[in-house]
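Okay, so here's just one chain, in structure tokens, the form predicted on its own.
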């Protein structure tokens, strides 16, 4: 896996899959590494060349000092594409990855084919939830919020049915570098990308989780209704829908990206 320099921050990048095929870039949720996409990789790599990466402050990437912004995250993506000499990709981002996708779709449209914005939001009306999480993590580390975060990521039914997958997701979250996690939370506390949405011209699919309380269907509908021509599909899952309903998620992604 190459480490790619984005303005002094080394980003952990993985490139797999079909040489010469169309390229798909995947972008993670807060508190996740590129491993969150494992349920999709077997299917996706048969059709696409797939780029995954750890966001700055996460996984094996550098914990660069904050503050972080959506523009900074977006420019990191462009640095990866430039380093790999890839002109254009499709994009699939979940949660925070979907937020970065909104910035990219509006600010670097020539680099993106189709966009998939999954379990995400463009706007938080007020920052209280994020400020409370920041305070809790500063006092008690990520362990102080881990159970609540996992309860939002996966439905209770799934957590009871799939304890091993749940434990793996919790371990991924707990391994997040605290400073990187906090810098990302601070960026989210001021999120308002509503003005960017009408500027997005790429064909766009919005994916929502029926049981997602973190980024509910209403948040997905706000995005869909403001991006010209965007469509939406709802999956029977909570926030990390690609893990909870891997087949439905993969089918939605491949179906959208391969339709003419």
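Treat the numbers as computed from the prediction; the structure is a model and nothing was measured. Residue numbers count along the first chain shown, from 1.
Another form, the form predicted together with a small molecule, is not on view; read the next lines as being about it.
- The candidate spot formed by 124, 153 and 188 lies fully in contact with the small molecule in the predicted bound form, as each residue has a heavy atom within 4.5 Å of it.
- Partner contact region in the predicted bound form: 129-137, out of 129-137, 73-81, 102-110, 164-172, criterion any non-hydrogen atom within 4.5 Å of the small molecule.
- The contact residue chosen from 197, 64, 41, 214 relative to the small molecule in the predicted bound form is 214, the criterion being a non-hydrogen atom within 4.5 angstroms.
- Residue 30 is the only one of 30, 230, 235, 219 with a heavy atom lying within 4.5 Å of the small molecule in the predicted bound form.
- Residue contact with the small molecule in the predicted bound form: residue 182 places no heavy atom within 4.5 Å of it.
- Taking the partner from elsewhere, residue 149 is found to have a heavy atom lying within 4.5 Å of the small molecule in the predicted bound form.
- Of the heavy atoms in residue 96, some are within 4.5 Å of the small molecule in the predicted bound form.
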